[in-house]
Ligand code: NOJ
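Take a look at this single chain in structure tokens; it is the form predicted on its own.
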Amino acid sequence: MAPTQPTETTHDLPWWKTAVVYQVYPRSFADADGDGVGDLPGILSKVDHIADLGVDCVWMSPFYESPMRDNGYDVSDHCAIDPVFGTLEDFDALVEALHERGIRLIVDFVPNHVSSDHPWFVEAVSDPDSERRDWFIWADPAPGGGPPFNWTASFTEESAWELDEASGQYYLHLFLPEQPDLNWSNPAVEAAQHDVLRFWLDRGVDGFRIDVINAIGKDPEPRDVPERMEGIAHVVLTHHETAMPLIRRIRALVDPPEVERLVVGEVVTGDLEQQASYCGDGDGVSCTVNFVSIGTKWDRDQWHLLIAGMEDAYADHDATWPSYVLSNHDNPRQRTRYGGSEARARSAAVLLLTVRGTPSLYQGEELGLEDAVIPAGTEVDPGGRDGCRAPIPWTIEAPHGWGEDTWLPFPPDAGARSVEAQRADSTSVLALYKQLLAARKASPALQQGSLELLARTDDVLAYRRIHGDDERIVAVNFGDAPADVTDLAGTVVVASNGLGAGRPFSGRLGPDEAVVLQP
């Protein structure tokens, strides 16, 4: 196979440093066969929407064969497409369609665990003497019986150790009991997972987003931890030195010097310095998922501190590169978190797409969607994340381009916020995202320029981006009252309210309004 490659960029940085990444969650993006579940042909049918938006790279969440106890993050065959999503031929067609439009594709790689239905684990459980037994992490019961250590798992907050009654040993699972952890200290596991990476590279992908990458390196001498450290805060957020050699070898395989591919690490931490420590020019991941930006409230001082902290943590522009994200499949949508205000959602878009680094945009953010309301007793996801995973409404009329019975209900005001409705409105949230993405692509300062926070005493966050002779000033009013910013002058490039582009800036920002200026 010789997949079509997207057009190379003309700037002097790796393509991913100036790219905007768009996350597609396959179950909820588009439904081609009318069964109420999104699929690969559905994504293919909407490729022009992605291209028209103006993004550079698609990150696609898991589509692999899976029993779907964790919606695809419990993989039972790394090299097969789950039938609910389509076929390998559908995948190949999607890769080619994206590449033809100059859009790259990265896919989720889930290295820490597999499904308990995976042949590797089935063999390990059925035969304790199997070579595959050591592909997983086992421990004898505690001296008095019960789990060997006091770790608790994500989602359930119950023990992270599950008893295999046939052998009398416990196996480790940082997440569901049906997601046993792999033992990456076994070279055979690393070799097998490298083969998985090669399989998808051979099919033309441009990199990977790697799920909980820091968790693949584990302390070889597990032990009880103080009660205050139990749970995911200890198990997944323990950043052991054994992880980095494994990560370096992944990066060397995926992104050798003669190519430019993207390796995004999901590093679960609230520490910016620790987050940045996993990045490196060939000596770590390309960039990490920035959970701190997701967790930052709509508050001027908090965002000032975050951006200042990011600039310090990622000060080495050659070795490290920042990223920002406001929403994804694991967290409530930014509009929901910020109180449901469309004005805030619009200003948040300006903020996300103008700070220094690689932004990641979650499907539906360009429509200003909120989380769906999930009736009690109908939840699907074990982690309570159904609301942000609701289907994308494509048409005004129900069922909004889907089959009658969708796997989750639609977000609020689905018809009014649908793609069809917003395409016809030049002041819509969708129109704003297109303007912002076009403005970013046209400005070296916004793509790769330095960032200088401007000192202010009001509720306005302001910063300057400069690259060469190109300059932009961004101002975001986090306050509930209008703000006088007559000290910031220039031509309006994009305003969050959709008005005034190409005109001199009035020097006034309404509540929760933002503007991009060219001095």
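If you're wondering where the values come from, they're calculated on a predicted model, not measured in any experiment. Residue indices: 1-based, along the sequence shown.
A second form of this protein, the form predicted in complex with 1-deoxynojirimycin, is not displayed here; the remarks below concern that form.
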task = May I ask whether 113, 329 and 385 all come within 4.5 angstroms of 1-deoxynojirimycin in the model of the complex, judged by heavy atoms?
result = yes
remark   = Among 333, 417, 346, 209, just one has a heavy atom within 4.5 Å of 1-deoxynojirimycin in the model of the complex, namely 209
ask   = Which of these residues, 155, 298, 184, 278, gets a heavy atom within 4.5 Å of 1-deoxynojirimycin in the model of the complex?
value = 155
key: Stretch in contact, per heavy atom within 4.5 angstroms of 1-deoxynojirimycin in the model of the complex, of 173-181, 355-363, 318-326, 423-431   = 173-181
query = Is there a non-hydrogen atom of residue 255 within 4.5 angstroms of a non-hydrogen atom of 1-deoxynojirimycin in the model of the complex?
reply = no
inquiry  = Just checking whether residue 70 would be counted as a contact of 1-deoxynojirimycin in the model of the complex - the rule being heavy atoms within 4.5 angstroms.
reply    = yes
query = Given that the partner is absent here, does residue 118 sit within 4.5 Å of 1-deoxynojirimycin in the model of the complex, heavy atoms only?
reply = no
message = Residue-level contact is defined here as any heavy atom of the residue lying within 4.5 Å of 1-deoxynojirimycin in the model of the complex; does residue 389 satisfy this criterion?
response = yes
request  = Heavy atoms within 4.5 Å of 1-deoxynojirimycin in the model of the complex is the criterion; list the residues of 265-302 that meet it.
outcome  = 266
